[in-house]
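In structure tokens, one chain follows: the form predicted on its own.
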């Protein structure tokens, strides 16, 4: 029995692993807030910085830089620890920026001997009335960033927009991946039915599609909670969200279609044909059209997807097992549903005889 059901136990173990490791692994230190965000060249600038998951004690171990592009950096003049997660940092901004632009954008880099170094992209906007690029480049290049402290603990990367909700990646995205895999397998069985007219393949296809629809609903709900944290609302007028909802509604119509047709052969033929149409509509709705419009959803409409700094190797060690685990769970549920439908069909045949 164990030999035949090994994949079920594997799926259960992977999901338990994802829940425990995905929820209990700490996040790396990060910058939570940086204020103010504007200054002028040639002025002394003091910023209040609130950090996350830090335990600062000794300011002599702290360093901070403003960084422009990959070539220019400016070391802070003073750093004051106000609380274990709150700093007051002063930068003496040179008279000129290493650019002819009226405004340059600087990233913030903070390093501490016993903590992981952290970066806040686009932290400060620096304006200048005039420019002397050579003097600006010389002044900014005097403080190159080097010898940053690496945290070798098993931690997840901190991203200030998503913060702890980053862990929802293991559930929201993985469940949607599992949904697509189940739909693809369901399509294969639908084609097998159309070629053979064997009702067994219709039961396989419909069962997998029904479970995939449930996974799609769960994925939509987990995505809504993520949107509430990141964007302040459970639902926004966004092409990716709207198109995904339309695709899910198309598949919900598949559910209604099967219930409304009583003739077994007609239901199987119509369901198989409709599932092919629904999947053909799903691809452009979810993967093509949102990329052609402005979208706040990662990976669409010019908004970058999670990069190597967000989805690092520690998160991959949970994310990939999550996809496998939820896919195996979906197959397990589908197999139970298939067995139930086969038993029900057998019972109805005996009853009719």
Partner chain sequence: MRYLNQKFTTLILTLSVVLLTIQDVAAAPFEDFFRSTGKIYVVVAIIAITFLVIVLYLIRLERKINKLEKLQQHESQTS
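For clarity, every value in this text was computed on a predicted model and none was experimentally measured. Numbering follows the first chain given and starts at 1.
As for the form predicted in complex with the partner chain, it is not shown, yet the points below apply to it.
- Taking the partner from elsewhere, residue 163 is found to have a heavy atom lying within 4.5 Å of the partner chain in the model of the complex.
- In the model of the complex, the partner chain stays beyond 4.5 Å of every heavy atom belonging to residue 245.
- Looking at residue 344, you'd find a heavy atom of it within 4.5 angstroms of the partner chain in the model of the complex.
- Although the partner is absent here, residue 340 sits close enough that one of its heavy atoms falls within 4.5 Å of the partner chain in the model of the complex.
- Looking at the partner chain in the model of the complex, residues 32, 228 and 326 each place a heavy atom within 4.5 Å of it.
- Partner proximity in the model of the complex, defined as non-hydrogen atoms within 4.5 angstroms of the partner chain, places exactly one of 215-223, 72-80, 265-273, 146-154 at the interface: 215-223.
- Taking a 4.5 Å heavy atom cutoff to the partner chain in the model of the complex, the contact residue among 45, 319, 52, 56 is 52.
- Contact annotation: of the candidates 89, 182, 175, 190, the single residue with a non-hydrogen atom within 4.5 angstroms of the partner chain in the model of the complex is 175.
- Contact residues in stretch 129-143 (any heavy atom within 4.5 Å of the partner chain, taken in the model of the complex) are absent; none meets the cut-off.
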